[in-house]
Ligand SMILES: Cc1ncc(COP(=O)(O)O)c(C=O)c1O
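One chain comes next, on its own, written out as structure tokens in the form predicted alone.
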Amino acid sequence: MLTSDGRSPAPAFGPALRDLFQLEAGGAHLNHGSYGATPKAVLAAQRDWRDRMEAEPSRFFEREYRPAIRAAAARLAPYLGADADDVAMVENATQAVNAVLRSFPFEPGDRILINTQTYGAVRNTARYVAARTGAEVVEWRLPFPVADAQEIEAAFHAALDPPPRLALLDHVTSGTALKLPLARLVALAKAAGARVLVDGAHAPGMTEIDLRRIGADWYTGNCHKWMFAAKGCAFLWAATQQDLHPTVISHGFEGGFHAEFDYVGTRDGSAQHSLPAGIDFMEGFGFQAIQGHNHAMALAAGARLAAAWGTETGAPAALTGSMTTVRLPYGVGADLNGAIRLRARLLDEDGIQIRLNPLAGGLWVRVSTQIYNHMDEIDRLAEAVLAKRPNA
């Protein structure tokens, strides 16, 4: 039976789709948010690009490499509410954050505003730049657990006095999975006179993005998490491109945004070149359908785990995307060492891949599911954690 547009209907979300990925058999992969899981079809497209590169390397790098990068950016741009000319393809969001911060003309005494949940690599980049420019890294407390968006906005607004030179904002926080009220936060920062860089590592493919409406100066995101791209595919969008340089200075220096970022020397760009295959895969199921399914799955998983453990989730539905955080029951650990030990046991003894973080006086699990997951795996996680309590 065909759909109205003549295509075969997509299989139902859940375990039937697991064979489309190269995941180990028998495991419960509930940590899609960390590194993604690339579909076999996209890996095949990436191999095709590598074969094309090796068949005639000189022709490929001199004639085909850059046009393929521009084609990937053009395919991505509509999902960002952006013009392709403002999009550069990079390998990961951390690389893009480095490019912006290390290009920015900080002066002694300038404030770089981050938050208590800023991603570790981004935090380190801010510290590195501050130490070399005389700027100061200032941290505001992002509430967690959080009741509503207004609580976040109030905390951020208070942190803007005195105004920072640059505010670094998350779109979706990594450790706590909060989908922030980004447009509102950017507007507050702009009203205070700050420039804004957004770390949107998790957002592409997870939530709607309209960069013109958001209004930041720079935005970066990964495509290998929720857009089904191969590992090492990300982008940097720049409303302000003047004096912006990649971390590797190469032949395109001072030649403009595309000249500098599109080619930084000989490298395997197949992850970026095969991005259209990842978008094809996503569109085969429907972006809205995947987004809706993953959001519903996150809410259901959070409710199921919180009920099983007698605990709480970290955020309301409005601040939840394709990931959720749930406090673990008392007795399974409370600090980083406890998180490391428990995560290793869940993987080695139960075949469950999950992210654990010490937060708010206890351990919290971050569940990040994709279209191949199902609720039986959530129940499996709930039971495995309960079994590891002392005297269980």
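Source: prediction; values computed, not measured. The numbering used is simple: start at 1 and walk along the sequence shown.
This protein has a second form, the form predicted in complex with the named molecule, left out of what is shown; the following refers to that one.
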Subject >> The single option of Ile290, Ala201, Ala301, Ala167 touching the named molecule in the predicted bound form, heavy atom within 4.5 Å >> reply: Ala201
**OP:** Just give me the single entry in Asn222, Thr176, Ser274, Asn294 that has a non-hydrogen atom within 4.5 angstroms of the named molecule in the predicted bound form.
**Re:** Asn222
Original post:
With a 4.5 Å heavy atom cut-off, would you call Tyr119 a contact of the named molecule in the predicted bound form?
Top reply: yes
Subject >> 4.5 Å heavy atom contact, Thr94 to the named molecule in the predicted bound form >> reply: yes
**OP:** Find out whether any non-hydrogen atom of Val172 is located within 4.5 angstroms of the named molecule in the predicted bound form, and reply yes or no.
**Re:** yes
Original post:
in the predicted bound form, does Gln353 have a heavy atom within 4.5 Å of the named molecule?
Top reply: no
Original post:
Any idea which of 253-261, 176-184, 223-231, 303-311 reaches within 4.5 Å of the named molecule in the predicted bound form, heavy atoms considered?
Top reply: 223-231
